[in-house]
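Only one chain comes next, encoded as structure tokens, the form predicted alone.
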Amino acid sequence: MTKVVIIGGGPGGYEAALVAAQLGADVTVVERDGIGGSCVLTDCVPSKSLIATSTRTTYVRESQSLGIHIPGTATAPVRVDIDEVNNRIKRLAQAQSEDTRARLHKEGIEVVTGEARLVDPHIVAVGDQRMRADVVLIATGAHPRELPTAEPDGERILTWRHLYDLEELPERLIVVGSGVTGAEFASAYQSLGSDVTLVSSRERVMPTQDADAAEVLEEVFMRRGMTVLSQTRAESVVRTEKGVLVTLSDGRTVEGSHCLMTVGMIPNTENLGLEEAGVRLGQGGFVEVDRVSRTTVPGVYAAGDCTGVNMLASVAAMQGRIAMWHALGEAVSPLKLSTVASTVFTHPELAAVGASEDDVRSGRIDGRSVTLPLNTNPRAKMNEVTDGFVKLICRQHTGIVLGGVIVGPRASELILGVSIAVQQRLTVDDIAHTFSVYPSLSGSVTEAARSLMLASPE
């Protein structure tokens, strides 16, 4: 029986463990904080639970246009009990962790609590315990990057892992960093009732996302009262008597009650014995892996945020599965990042998969695209949805679907149809001839396909 030891119990680790157990391996997972890792306990699950509350809050505030009049909402803001919200979030995270641990136990997987390190490629140490392994998977994740001029104190200067211990809603929240994480929290806390200032080092928020989508979201942010300071960086953040003072690179200063730092991630690869065992680390300390999750040492694999490969829970889980399929002799397809779907959980949501419109405009792919605004969709009109669109991209002559972008309510759910099309190399004709419910937001996906089907290639 093959002995597999997995260091890290997040999505990359526990999904790999389930696959390895299914294939008959003897599996041990070593986790220091709790099964689910930071994804479940401090990052993804808690943040999306917070966003669920903030989205409901926005619906309540904007319900009058639907003829719903709730006493107080017209003259006073909706009151949010952040202590109650945070307690719920922590309960949900713990419950998810316990459910996942129970699943591992049911499948016969041993869970060891502690910090692990490689003694050599086939021996993992946890304290005084030594475990022999035929296959090792490193799935240790990452943690928030901190700046020496803005050291978090957990009270006023925060990383997102401090947010769920706040007893009061930040009155004036300054969010430093306008990538996905910064945009999500800025959107959420604005909806919850905070006065939010978002500091962006680039010309627009979310610079790595579709430009049209980012523009829509930035307009929504500002329309709802957010202050967006672009093309400037936070040089320092210091405590004041009443809150924080942020000094920007252009000389301006911003005062707030709290500051949330969202300036990147650092891999958890220190003190694991990786380099001593021959595992090569790349720039920033990330573990170097190939498309089947192999490191530079035979028998040692890596998955998830510690590899720096598209830092999403879904990618971590797939990397972990691929690692076990490969290590245990199953047929496996290498990781294909062009089929990865991602979502920014703002309100509205932004979801994307595959090739981008920039790929078409730059000539990297020979394609064409169409963009349909959601405000023409009948279901959107019924729900007073005025912001958002569906964008579909296909190959110029064959019509094979290469990618898509959706901005709107539940875009994270709507993108699945486009993801299937990209993964299975369906054409716009295939989508156009597929029934969609009327009325539905997904109807805009089939309508976009019909537009591309009828369009004459240049």
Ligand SMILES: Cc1cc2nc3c(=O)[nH]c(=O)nc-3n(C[C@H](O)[C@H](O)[C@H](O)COP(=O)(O)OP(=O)(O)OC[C@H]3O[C@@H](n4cnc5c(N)ncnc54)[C@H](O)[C@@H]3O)c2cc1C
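A residue's number is simply how far along the shown sequence it sits, counting from 1. Note that the structure is a prediction, hence the values are computed from the model and not measured.
Beyond the structure shown, there is the form predicted together with the ligand, which is absent from this document and is the topic of what follows.
With the ligand omitted here, the record of contacts in the predicted complex names 302-310 of 189-197, 346-354, 302-310, 243-251, defined by a heavy atom within 4.5 Å. Checking G367, G141, G388, G256 against the ligand in the predicted complex, a heavy atom within 4.5 Å turns up for just one residue: G141.
Only one of the listed residues (H433, R56, R410, K48) places a non-hydrogen atom within 4.5 angstroms of the ligand in the predicted complex, and that residue is K48. Among heavy atoms of T427, none comes within 4.5 Å of the ligand in the predicted complex.
Looking at C44, you'd find a heavy atom of it within 4.5 angstroms of the ligand in the predicted complex. Residue contact check for W160: one or more of its heavy atoms lie within 4.5 Å of the ligand in the predicted complex. Not displayed here, the ligand is approached by R32 to within 4.5 Å at the level of heavy atoms in the predicted complex. Residues of 2-37 placing a heavy atom within 4.5 Å of the ligand in the predicted complex, in sequence order: I7, G8, G9, G10, P11, G12, G13, V30, E31, R32, D33, G34, G36, G37.
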